[in-house]
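Quick setup: the structure tokens below cover two forms of a single protein chain, split into structure 1 and structure 2.
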Structure 1
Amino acid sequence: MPTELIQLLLNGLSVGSMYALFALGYTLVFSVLGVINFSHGAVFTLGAYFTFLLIGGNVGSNGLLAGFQLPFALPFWLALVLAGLGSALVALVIERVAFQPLRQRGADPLLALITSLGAGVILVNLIQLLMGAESHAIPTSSLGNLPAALNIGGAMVRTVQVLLLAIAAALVVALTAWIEGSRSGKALQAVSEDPITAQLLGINSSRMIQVAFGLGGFLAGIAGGLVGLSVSIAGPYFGIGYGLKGLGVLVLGGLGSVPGAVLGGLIIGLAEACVPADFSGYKDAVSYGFLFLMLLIRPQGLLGRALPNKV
């Protein structure tokens, strides 16, 4: 295989694995509630900022917290896990504020789309208010003494990209094993099938919905920290872009399907890597192009199931 191809493939896969990680939480919430959680991109952003602060990053010269820096600097891995947990906590709060009241009232699920969007807008703008709109970078030196690049089959690949791929793969395997193999994972599947019947069978549906939100928030936070490490944190709004692109990932793979989110993420990552340099400005449109195409030919996505129209 020519080295350019290996390079392209690895670039695409590492970007795609981040899309997949991001889309996993997105799709988990969709599978249990049947609604898009628009605050997911904001939680992802939050994970990136948490990670940045915990490794001892300085806020910089803008925002109300200008010049703020934690008195300690954690190693990257610890910071990443804590950031994931912090994001999970925030996702749970969002569930409590923006989703639960509507669910208890039996309101139109489309309303949750609107309230979660509101929660996301508040979160992103709070970050901007506190930390300013500038971009930050998580230095790769926070990983310790790792070589900057690895030689894989003659192609030089950034170590960070290989790590991203490995972490994403490990998390996907763990999540799938949990969903398919454990009692609580089976309960989650039952709730996504039908929350009321699941409740009748003795499953605490509300609790499982919270589990989905918490897990989704954790995965989003981890993805945010990792993207911050491999690319940069391009200001408080960068997660919104991910949230929008992630819609393409979800629809491509199939809304609510966990393996679909992984497949969709990898496909879109690879497709973006294949966009020629002359048209790089159009890279952002790749995901939306797939989205439209899927809506046209197969709305349930590659791995989703078509739902009958229920009365």
Structure 2
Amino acid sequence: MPTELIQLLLNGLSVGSMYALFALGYTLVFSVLGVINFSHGAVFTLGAYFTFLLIGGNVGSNGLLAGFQLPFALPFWLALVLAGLGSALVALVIERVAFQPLRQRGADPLLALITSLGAGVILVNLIQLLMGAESHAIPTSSLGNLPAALNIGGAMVRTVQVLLLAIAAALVVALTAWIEGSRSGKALQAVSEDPITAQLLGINSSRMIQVAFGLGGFLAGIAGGLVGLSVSIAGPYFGIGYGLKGLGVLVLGGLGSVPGAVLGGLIIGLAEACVPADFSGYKDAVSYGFLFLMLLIRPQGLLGRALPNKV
């Protein structure tokens, strides 16, 4: 296999795996509520900032926390896990404040979508208030003695990219095994099929919704930390672009489909990797153009279910 092709495939799979990991958070919440959680991008951003602070990062010269630095510096891997847990906690707070009251009142799902958007805007503005609008970098030296690049089939690939792909794959496999093989995973599937019937069968639907939010927040936090390591944290709003791309992945793979989110993420990542460097500014146009064409052929997404006809 030509070296250039190996390089292209690994680049595409690395980026696509992050899109997939991000979109899984959307997918979990949509599967149980039928609503897109627009605050997910802000939780992703928080994961990056949490990781940056926990490894001993120093806040810049703007914001209320200007010059702040924790009195300790954790290893990157421990910081990443703790950042994921912190992001999961924030996601649970969002569920409790923005979703649960509306759900208990039987409000229209559109209202939950609006409140999630409001929660995301509040979080992003809070980050900017505390940390400023400047970018922060997670140094690759946080990885310890790992080499900067690896030789794979003659192609020199950044170690960070290989780690992104490996960690994302491990998390997807673990999530799939949990959903398919555990009692709580089966309960989550039952709630996603019919929450009222699941409740009648003794399943605590509210608890499963909280589990979906917590898992989605954890995955977003991990993805945020990894992307921050790979390309830096480009300010409080850097999660918006990934949020939009995650929505595209969600729709392409099929609303509520975990395998679809993975497949959609990898396809969009590979599509972007195929764009020549001289036209890199058109990557979004290529990926969304591909999404548009696919949905014209299969409106329910690659692995989604066809919507029933209403008469």
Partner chain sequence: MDAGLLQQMLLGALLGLSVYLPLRCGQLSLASPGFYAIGGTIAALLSTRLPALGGASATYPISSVLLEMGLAAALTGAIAAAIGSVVLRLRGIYLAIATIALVEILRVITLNLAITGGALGIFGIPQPFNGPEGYAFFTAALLALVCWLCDRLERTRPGLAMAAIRDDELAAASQGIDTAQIKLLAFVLSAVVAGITGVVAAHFLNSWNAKLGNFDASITTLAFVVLGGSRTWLGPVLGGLLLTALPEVLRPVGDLRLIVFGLVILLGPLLFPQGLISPERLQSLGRLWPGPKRLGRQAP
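Given the structure is predicted, the values throughout are model-derived calculations rather than measurements. Numbers given to residues start at 1 and step along the sequence of structure 1. Superpose the two forms; the largest set of C-alphas matching within 1.5 Å is the rigid core.
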{"item": "Structure, 1 versus 2, that is the form predicted on its own", "value": "2"}
{"item": "After fitting the core, residue 287 CA displacement of 2 Å or more between structure 1 and structure 2", "value": "yes"}
{"item": "Residue 297: CA movement between structure 1 and structure 2 [superposed on rigid core, Å]", "value": "3.0"}
